[in-house]
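Just the one chain here, laid out as structure tokens, in the form predicted on its own.
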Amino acid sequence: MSYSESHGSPKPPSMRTPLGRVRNLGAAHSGTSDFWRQRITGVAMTLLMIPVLVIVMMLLGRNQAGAAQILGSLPIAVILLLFIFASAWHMKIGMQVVIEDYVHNEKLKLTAIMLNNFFSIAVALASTYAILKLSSGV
């Protein structure tokens, strides 16, 4: 059943451009990709939470040499790196959405988004460096 049959009138005119109707994107021109990326990283962090908590519990009460021995294991390093990447990406997307929604000055918004990107990358790189340095035994 078409719109006109169910409502008894022709379909109301669309505010979207023809290209927008073809691509099926909204005004932001990005669809729901950030929404799904944030959900995927959230699920990844939830799944990695138990192994990370087990690793943290294994580190409790250890001295530096014992902690370095545990963190020197390849599976432990991989789990921590996956958790770090998922967390940094999730943080970047979440803060970007907040900035886009609540910062109305365009220059300030652009600056804040750039700083958010740099901060997220810096956190991910510093954490990755620390894990790789500990896992390599240096």
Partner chain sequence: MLGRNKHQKPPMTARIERPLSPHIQTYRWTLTMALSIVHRATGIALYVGTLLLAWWLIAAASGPTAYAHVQAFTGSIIGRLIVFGYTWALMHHMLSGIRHFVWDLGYGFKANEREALTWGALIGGIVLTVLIWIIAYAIGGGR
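Positions refer to the first chain, counted from 1. In this text the structure is predicted, and so the values were computed from the model without any measurement.
Separately, the form predicted in complex with its partner chain exists; it is not shown, and the next lines address it.
- Proximity to its partner chain in the predicted bound form, taken as a non-hydrogen atom within 4.5 angstroms, holds for one residue of 110, 67, 103, 78, which is 67.
- Although the partner is absent from this view, residue 46 contacts its partner chain in the predicted bound form, with a non-hydrogen atom inside 4.5 angstroms.
- When contacts are judged by a 4.5 Å heavy atom cut-off, residue 82 does not count as touching its partner chain in the predicted bound form.
- Though the partner is left out of this view, residue 71 does reach within 4.5 Å of its partner chain in the predicted bound form, counting heavy atoms only.
- Under a 4.5 angstroms non-hydrogen atom cutoff, its partner chain in the predicted bound form has residue 91 among its neighbouring residues.
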